[in-house]
Ligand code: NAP
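Take a look at this single chain in structure tokens; it is the form predicted on its own.
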């Protein structure tokens, strides 16, 4: 129980798996959650174990806030500590629709998974982290919210997604302001265009835009790019910076003439 432990939501695929790999390489044991049956993620757990990590898979829908405490109990029962929470799990709208055509059902689904779930999970984990810090079982806790450049870049065909990520940005600031004096740092990581299952459907569009100079670095981001940023924050390398935003977007949002 001397190794640091990270809980990574949505950690079995995409950006979440990139994060889990980097955390494993930085000496973390890992609890990852998802919706798939445990047998379907065993290969992922074996890969992370080969990197030296102790692993635990927790089948959890982050939108099911009533299940949060049991999931945290599972992590603590397995590892005895939680040093870092990485709120990565998220969804895009099932159908990209103009904001004037957005349905209440789509809005509620995206907000429940992308904002309400992570915020309330952070609250629950923070309370346990405060106990662990007070008991001297961890030096400092860290909460890292994976949002998106869509927190500030408007996409009228994904309004509910943009609004959810803007909410994550404010949740990060609120939690950082509340928890800094009690031993918990809170950060936001904003990925840009990243190659995952979520972006596969629009790959042709972004291949063209990237080639035309949409990003300063003319390539897609990778889950590993995001993972390296999260691992740095979770490891405590960056200090005196709680509440800050780390944008990993290849220069997409950098003002240019």
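Residue numbers count along the first chain shown, from 1. Computed from a predicted structure; not experimentally measured.
Below: the form predicted together with this ligand, not depicted.
- Stretch 86 to 94 is the answer when you ask which of 171 to 179, 131 to 139, 86 to 94, 99 to 107 has residues with heavy atoms within 4.5 Å of this ligand in the predicted bound form.
- Contact check for residue 218: no non-hydrogen atom falls within 4.5 Å of this ligand in the predicted bound form.
- Though the partner is left out of this view, residue 161 does reach within 4.5 Å of this ligand in the predicted bound form, counting heavy atoms only.
- This ligand in the predicted bound form comes within 4.5 Å of no heavy atom belonging to residue 23.
- Among residues of the shown chain, residue 208 is not one whose heavy atoms approach this ligand to within 4.5 Å in the predicted bound form.
- Annotation for 173 to 208: interface residues with this ligand in the predicted bound form are 191, 192, 193, 194, 196, 197, 198, 199 [heavy atom within 4.5 Å].
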